[in-house]
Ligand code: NAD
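The form predicted on its own is given below as one chain in structure tokens.
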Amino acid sequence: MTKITVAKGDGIGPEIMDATLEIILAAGANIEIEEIEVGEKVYLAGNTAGIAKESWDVIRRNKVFLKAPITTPQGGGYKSLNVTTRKFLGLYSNVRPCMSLHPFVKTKHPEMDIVIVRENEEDLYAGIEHQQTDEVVQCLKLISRPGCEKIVRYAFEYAKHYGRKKVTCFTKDNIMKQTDGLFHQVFDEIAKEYPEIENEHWIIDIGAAKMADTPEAFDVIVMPNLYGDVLSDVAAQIAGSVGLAGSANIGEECAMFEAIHGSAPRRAGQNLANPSGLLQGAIMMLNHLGQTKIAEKVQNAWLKTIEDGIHTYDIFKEGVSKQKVGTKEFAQAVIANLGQQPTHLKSVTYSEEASFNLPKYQRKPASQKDLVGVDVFVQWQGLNPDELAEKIQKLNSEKVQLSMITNRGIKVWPEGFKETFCTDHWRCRFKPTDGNLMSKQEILNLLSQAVDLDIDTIKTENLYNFNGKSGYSLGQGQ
């Protein structure tokens, strides 16, 4: 018997968790439940994390966490427990299957059956932000090779394990050539290890449009964090309803399973909520635990219930649905269908093979790293880049000189356009005069001179080559 951690959450959480547990236990799930308190009560008791240290100990000990939706109070410095949990426990992979249930649940895409695999720890969700000038704030987009390798390999292993035929990568590497470029590069590298699985890459904008219009063209889609967050909700909604979707958050040590919808406090305590999203998360949990036959039994019973037209209010439709039921009654209907198969919807059969082949990340040998310049960011209230260049060029020396100024990424000096709108945030790029390497002492000299000349430097970024290959972007227009 496997001990799991359960949190019943807020709003409709307790109702849908009770229904979900009742169903999976009736199906024979071999689990022991250890319950913890997280969410609104903990927040309002003065804990801005929404979870007590003792509860973390329980989650880490049991390794598997089934969580109902929680409410994060607005204001007061409260942090999202979902984001915190994913990062603290290293839950790098967010998996969201999105399948249409046509004709029993309304959708424009009757053949849709895709899985979104979203990187869960980095990208812009590192949440590293700074206000740098009066007019400009920044958010750092962090993409790591370990993060890319783990999520891409998980996507291919998922496809292999569940008999999927294709893995698609979405990025915006035509613009973000370093960050999204790394994600795409790693995708291409790992795809070669799975020749039996078709692979392809789409630029995120046209890929998203294609997914929304023709989702049947895709199978498994793997993406960096922000794109995956947006498109997994889009996919769930166009499949029929966000309320029907569950997700798995998988790490090397722990895993968390949940519905993708929120706590819906307006519907709490009324026996109205649809438990399907959390139930889908629980089915993924059972598969994760190797209890595939139980997961199969529950999923087929749930499909049979949907097919029988026994629907909660959110998906009830006159002429299609047969009976409008509450949360408890829906759970009882699923339990009554345990052991049965759907006749119109496709029944499921889950593989009993061993878990995925996900080796630990192996760090590559260090590259030859050469410092070849520096970007010095400056706050300046003027509007004419030529005036700023004249001032900044006073920092030039025999060894280092100004080569370019950009504003919000676009080159404005030399040979800028007067039509380009500029803020008070300027990037001034310095390169060695001999075209070779630069020393950090020369950077310190630059900054020291800037202080003497009353130039307001706000940050620097060193420019490196790695094994002779440029590790930084050009200015737009260069």
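Note that the coordinates shown come from a computational prediction; the quantities given were computed from them, not determined experimentally. From 1 onward, residues are counted along the sequence shown.
Beyond what is shown, the protein has a form predicted in complex with the ligand; the following relates to that form.
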Query raised in the report: Do Ile70 and the ligand come within 4.5 Å of each other in the model of the complex, heavy atoms counted?
Result: yes
Query raised in the report: Going by a heavy atom distance of 4.5 Å, is Asp314 a contact of the ligand in the model of the complex?
Result: yes
Query raised in the report: Within a 4.5 Å heavy atom cut-off, is Ile12 in contact with the ligand in the model of the complex?
Result: yes
Query raised in the report: With a 4.5 Å heavy atom cut-off, would you call Ile260 a contact of the ligand in the model of the complex?
Result: yes
Query raised in the report: Of the options Lys160, Lys108, Lys324, Arg267, which one has a non-hydrogen atom that comes within 4.5 Å of the ligand in the model of the complex?
Result: Arg267
**Report entry** Among the candidates Ala235, Val222, Ala273, Leu286, the residue which, in the model of the complex, approaches the ligand to within 4.5 Å (heavy atoms)
**Finding:** Ala273
Query raised in the report: Going by heavy atoms within 4.5 Å, which of 24-32, 416-424, 437-445, 62-70 lines up against the ligand in the model of the complex?
Result: 62-70
